[in-house]
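Quick setup: one chain, the form predicted alone, written in structure tokens, and binding and motion questions come after.
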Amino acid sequence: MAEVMAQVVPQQTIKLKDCDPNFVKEVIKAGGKNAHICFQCGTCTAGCPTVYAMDYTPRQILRMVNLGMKDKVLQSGTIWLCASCYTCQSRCPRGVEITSLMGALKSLAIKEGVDVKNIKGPAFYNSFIDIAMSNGRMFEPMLFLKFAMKSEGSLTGAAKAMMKDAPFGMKLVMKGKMAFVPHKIKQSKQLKTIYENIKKMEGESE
């Protein structure tokens, strides 16, 4: 039933020359554990709360990963719409770590500079990482600002987006649900060092 809710993808011929046979290995290495043993039961799609907004369902993404359809997968809006709720991963009868796979696909898309259809996905992801690396924890007002700057593409657009979100943000502050001043962890420099070492290790493994 859930799969019917997703956008119907027209049938298309899959050309071998457009497929990368090593893509599934690349995804597994990046964090998509057991992606190669999916048997297409559709349990992931049936339980996904955001499938209605996806261009490809989670089941379809897994199939495309195994077929080596790298370009279409990394350009898909689906990977940015994953809510990271772990419903699919907890229910998968084959132990495919689908939520982790979606995260791996996001990282690969950013790393390779893929031109995605909706820039708001990567904009939010990068903004979140920037703040987490700087403070060691999230600071929502800065997230609003960075996301607006990265996603709108202009100061005017960013200002409009901020003005639109400002009333809601102030309500959160007034109710004590959001800090007005950032709180950094004590060892934020060590966190940056860990992140930089991971990036170096990724470069060495290529």
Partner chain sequence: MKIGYYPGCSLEATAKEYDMSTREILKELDVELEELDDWNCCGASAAYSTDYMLSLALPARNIAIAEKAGLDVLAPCPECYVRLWKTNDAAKEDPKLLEKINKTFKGTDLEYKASVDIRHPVDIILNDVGLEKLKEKVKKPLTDLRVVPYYGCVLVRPPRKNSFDSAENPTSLDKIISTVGATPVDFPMKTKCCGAPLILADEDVMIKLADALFSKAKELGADCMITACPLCHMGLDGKQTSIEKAYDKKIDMPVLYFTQLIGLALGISHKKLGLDKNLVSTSKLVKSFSAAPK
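Residue numbers count along the first chain shown, from 1. What you see is a predicted model, and the numbers here were worked out from it, not measured in a lab.
Unshown form predicted together with the partner chain; subsequent notes refer to it.
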query = Are all three of 126, 132 and 140 close to the partner chain in the predicted complex, meaning a heavy atom of each within 4.5 Å?
reply = yes
ask   = Should residue 30 be counted as a contact of the partner chain in the predicted complex, where contact means heavy atoms within 4.5 Å?
value = yes
task = Report whether the minimum heavy atom distance between residue 177 and the partner chain in the predicted complex is within 4.5 Å.
result = yes
ask   = Would residue 185 count as a contact of the partner chain in the predicted complex, using a 4.5 angstroms cut-off between non-hydrogen atoms?
value = yes
message = Check residue 104 for me: does it contact the partner chain in the predicted complex (non-hydrogen atoms, 4.5 angstroms)?
response = yes
ask   = What is the one choice in 171, 63, 36, 160 with a heavy atom within 4.5 Å of the partner chain in the predicted complex?
value = 171
Residues in 81 to 97 close to the partner chain in the predicted complex, defined by a heavy atom within 4.5 Å, in order = 81, 82, 83, 84, 85, 86, 87, 89, 90, 91, 97
